[in-house]
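Before any questions on how it binds or moves, here is one chain, the form predicted alone, in structure tokens.
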Amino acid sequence: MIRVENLKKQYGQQTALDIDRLTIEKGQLVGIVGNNGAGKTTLFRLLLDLIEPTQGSVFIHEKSVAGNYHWKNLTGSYLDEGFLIDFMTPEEFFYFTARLYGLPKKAVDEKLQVFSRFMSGEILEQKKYIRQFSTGNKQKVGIIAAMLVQPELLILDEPFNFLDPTSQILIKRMLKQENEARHTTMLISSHNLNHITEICTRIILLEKGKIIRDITPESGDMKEIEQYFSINAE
């Protein structure tokens, strides 16, 4: 579904990302892990055509994402608060996002029921703008908007950040269920290795913009990744 070829992003003399080749097959639930500055967010921004690569290309369904729009209607994403329209209420934002994907209001109301436990009664009917919400609830609004449209491709950057333990459990459960039920291709980044290993079928370890390990949790190589983080902590 996704193919990366000779992808590089530089800022001056600093290389933020340098990937020769990467292929993500449809239906894979891929975890992207790495310490701060590893290139996780840069990779996501390049996949979503939010920044221009220094060289190389990203393809979705064998068509370049650069300057094209074919992939946008099948992609849901949330990277940070910049993806929100904070002068809207959550309801307004959900309806606005859904209209971009051709979903009617009635369909949105039905789909929002799936997220009722995740919202914990703190998102809808609060008569507040998104900017007035806590960081954790803003995170929930962004995640829900990305998943609401039932995309073929879902990209979430650090979705477990700012969430309480119950919400973390719920989002992991929802992601896994969505992947299994609809074969949604997912790319999820996290600093927390435990979250990633619980739900992902493939894990990619980035260091200084390069892929240094690409494994499945069942392969037995997880100890190497755990050791990698342990060594960096010492």
Partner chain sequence: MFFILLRHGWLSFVRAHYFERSLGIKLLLGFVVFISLWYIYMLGLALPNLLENLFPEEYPHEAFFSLLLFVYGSELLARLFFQKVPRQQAKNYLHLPVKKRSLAGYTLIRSWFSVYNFFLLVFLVPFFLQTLYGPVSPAAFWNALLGCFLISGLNHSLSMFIKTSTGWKPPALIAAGLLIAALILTGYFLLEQLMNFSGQLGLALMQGNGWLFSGLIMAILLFQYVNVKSLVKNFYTLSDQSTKSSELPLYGNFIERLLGKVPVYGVFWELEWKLINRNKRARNNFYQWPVFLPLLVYMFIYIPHQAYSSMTPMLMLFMGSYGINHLQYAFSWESRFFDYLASKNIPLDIFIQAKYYFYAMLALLQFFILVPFILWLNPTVLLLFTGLVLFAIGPAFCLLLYTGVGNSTRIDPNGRSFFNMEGTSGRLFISVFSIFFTLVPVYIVAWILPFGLMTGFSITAGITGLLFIVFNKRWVRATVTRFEQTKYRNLNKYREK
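The model shown is predicted, which means the values in this text are computed figures rather than measured ones. Residue numbers count along the first chain shown, from 1.
The following text describes the form predicted in complex with the partner chain, which does not appear among the structures shown.
Although the partner is absent here, I51 sits close enough that one of its heavy atoms falls within 4.5 Å of the partner chain in the model of the complex. A residue is said to contact a partner when one of its heavy atoms sits within 4.5 Å of a partner heavy atom; G82 meets this definition for the partner chain in the model of the complex. Although the partner is absent here, S116 lies well away from the partner chain in the model of the complex, with no heavy atom inside 4.5 Å. Contact annotation for K111: none of its heavy atoms lies within 4.5 Å of the partner chain in the model of the complex. Note on contacts: among E122, E152, E158, D86, the single residue with a heavy atom within 4.5 Å of the partner chain in the model of the complex is D86. Only one of 66-74, 167-175, 187-195, 201-209 places residue heavy atoms within 4.5 angstroms of the partner chain in the model of the complex, namely 66-74. Residues from 173-199 do not approach the partner chain in the model of the complex: none has a non-hydrogen atom within 4.5 Å of it.
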